[in-house]
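In structure tokens, the next block holds one chain alone, the form predicted on its own.
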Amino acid sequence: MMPLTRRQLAAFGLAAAWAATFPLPALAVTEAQARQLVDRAVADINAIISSGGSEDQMIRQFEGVFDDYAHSAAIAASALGVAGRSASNAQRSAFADAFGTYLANKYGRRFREFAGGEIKVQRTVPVNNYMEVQTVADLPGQAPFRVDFHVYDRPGRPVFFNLIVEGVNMLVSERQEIGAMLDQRGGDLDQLIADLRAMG
């Protein structure tokens, strides 16, 4: 057996932490439900990137995509990691709000780079107790690359809780990045929240 890389170990560790905090219900969503969710999300994203709007306008629209289709609170809790255990309810809520804006800005700018192209839904694959909806970004002057959505039940309605863009796992990268940002501030969560708000 090949030894695991540090990135794989981090991904496995995050998966275990996610499962403990947000256990996925059995048969959470069907393939059709997951496909319908991503079809709608991709249609909105394609409309935004072809709109010709300003960066600020497009980022605000991408924030709406996260609000409509993602489990933003769970993504924020995953990014905060163990620091969330000692945080107050008010701090966790404030972090979720600030992180949601930060995430929309970050991925909004990333998707804005797709202008002139489009995302095409390919297929849906069951993975454990969630669905991976595989899409391809077809951009002018670039080789097509995958953008995968991981979808489960919130509960009550399908939502995506992870994105993998060109092999970069959002949950893993945001957990690492937020952890590093918190370390740079000496573990001061309130300062991190203020700085995330300022980034918006």
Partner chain sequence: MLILSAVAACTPAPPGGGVNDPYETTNREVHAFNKSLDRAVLRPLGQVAAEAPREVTGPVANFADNVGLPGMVLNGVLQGDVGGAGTNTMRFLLNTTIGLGGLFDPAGGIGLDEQTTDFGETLAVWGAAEGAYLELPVFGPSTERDAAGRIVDLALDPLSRVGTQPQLDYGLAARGAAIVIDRGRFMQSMDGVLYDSADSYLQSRSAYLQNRRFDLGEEPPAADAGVDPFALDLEGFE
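Here the structure is a predicted model, which is why all the values come from computation and not from measurement. Residue numbers count along the first chain shown, from 1.
Note that the form predicted in complex with its partner chain isn't included here; everything after this is about it.
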task: Run the contact test on F95, V168 and Q176 with a 4.5 Å heavy atom cut-off to its partner chain in the predicted complex and return yes or no.
output: yes
query: in the predicted complex, does R109 have a heavy atom within 4.5 Å of its partner chain?
result: yes
4.5 angstroms heavy atom contact with its partner chain in the predicted complex for P144: yes
message: Test of understanding: in the predicted complex, would R154 fall inside 4.5 Å of its partner chain by heavy atoms?
response: yes
query: Hey, in the predicted complex, is F161 touching its partner chain, heavy atoms inside 4.5 Å?
result: yes
field: Residues in 58-73 close to its partner chain in the predicted complex, defined by a heavy atom within 4.5 Å, in order
entry: H71, A73
